[in-house]
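Shown next as structure tokens: one chain only, the form predicted alone.
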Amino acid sequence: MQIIVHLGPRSYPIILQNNALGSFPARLGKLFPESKIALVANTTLARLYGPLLALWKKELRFDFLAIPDGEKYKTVDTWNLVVDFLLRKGLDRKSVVVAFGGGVVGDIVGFAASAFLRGIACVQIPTTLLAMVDSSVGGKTGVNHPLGKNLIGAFHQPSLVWMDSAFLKTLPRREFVAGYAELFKYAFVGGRSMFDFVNTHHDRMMAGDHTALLEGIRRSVAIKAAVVASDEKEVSGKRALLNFGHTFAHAIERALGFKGVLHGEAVLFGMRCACDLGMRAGTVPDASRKVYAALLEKVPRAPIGALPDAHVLYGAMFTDKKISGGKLHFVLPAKPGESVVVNDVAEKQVLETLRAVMNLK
């Protein structure tokens, strides 16, 4: 199936399929028949998919780079490794770089493509559930800084997003659950239909039911494609809704030094916090409270390392890029399937939420 992200002359297709891994070279060759190609993966994927990449390389004759695997390597240093590789291999402005991997690979490679020779084409091949339903679509690229998540980056839309659910077969369970957090997120921002779909099919998707999971991915991608088309660079506020749970999540990741917790695991806690804060701030109607409580019971509980006290975690939120005029912006639930952006939440309420949900002092 195909979904289009409508951005005028920069529109691009998202291809979603199952067990069609051999079709990628022909698709890319048709899109870039004369271009020099570089493909970047991480070391884990280079090992898992070595035979597949070797077959692709015979047809596409690309240059290949494997970067270190893990969120802790989502840094300027790793970005520089990619840029240096592109320079050494002699890519030019008509070249294309392919990001083969999860969110970390996609963000770093997309950012490198945005800056290399002031911008070359990029193709995203997401291999994790998180990247499929979220990070590969929309053109947000970047790296982390010790002071915060994704503080250095650029908007750079891909020319193609090519995803195949066959990649999920090699995804560790922990990575799957972390990725599911981003799919679960769309229940809060994707409308009542998505809310009901997640509520109804949660158990099947968590069990890996292929039909339900593929439909969940399709719905998530369609929602994000529509939001990106309406607010590409997060100007009107519509795209900000996709940050549901992320103000909390990014603070958790930073507090843990981007170690010992996956992004999606932090988002799971962030969504719980957002719902709790929505109750305290009054954005959730009384009639919807039981509905949300029932849905939240289905959110997987991920293990997490020791966090600082609530005041320290609250302070960490102020290095997030979603700050404007010195105020924190929270995406909080409203009616089922809908959320709102709120920037006037009292510090006391946020601290109460952190203490209640995260068991902090």
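This one's a predicted model, so the numbers in the text were calculated from it and none came from an experiment. In this text, the rigid core denotes the largest set of C-alpha atoms whose superposition between the two forms falls within 1.5 Å. From 1 onward, residues are counted along the sequence shown.
If you look for the form predicted together with a small molecule, you will not find it shown, but the lines that follow are about it.
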| item | value |
| --- | --- |
| In the model of the complex, the residue from 265, 276, 71, 232 that sits within 4.5 Å of the small molecule by heavy atoms | 71 |
| Partner-contacting position among 146, 90, 172, 282 - heavy atom within 4.5 Å of the small molecule in the model of the complex | 172 |
| Partner proximity in the model of the complex: residue 319 to the small molecule, non-hydrogen atom cutoff 4.5 Å | no |
| 4.5 Å heavy atom contact, residue 64 to the small molecule in the model of the complex | no |
| is_contact(residue 293, the small molecule) in the model of the complex, heavy atom dist at most 4.5 Å | no |
| Exercise: residue 110 in contact with the small molecule in the model of the complex, heavy atom 4.5 Å | no |
| Stretch in contact in the model of the complex with the small molecule, which is absent here, among 121-129, 189-197, 79-87, 202-210 (heavy atoms within 4.5 Å) | 121-129 |
| Core-superposed comparison between this form and the one not shown, residue 74 Cα displacement 2 Å or beyond | no |
| Residue 258 C-alpha moves between this form and the one not shown by 2 Å or more, core aligned | yes |
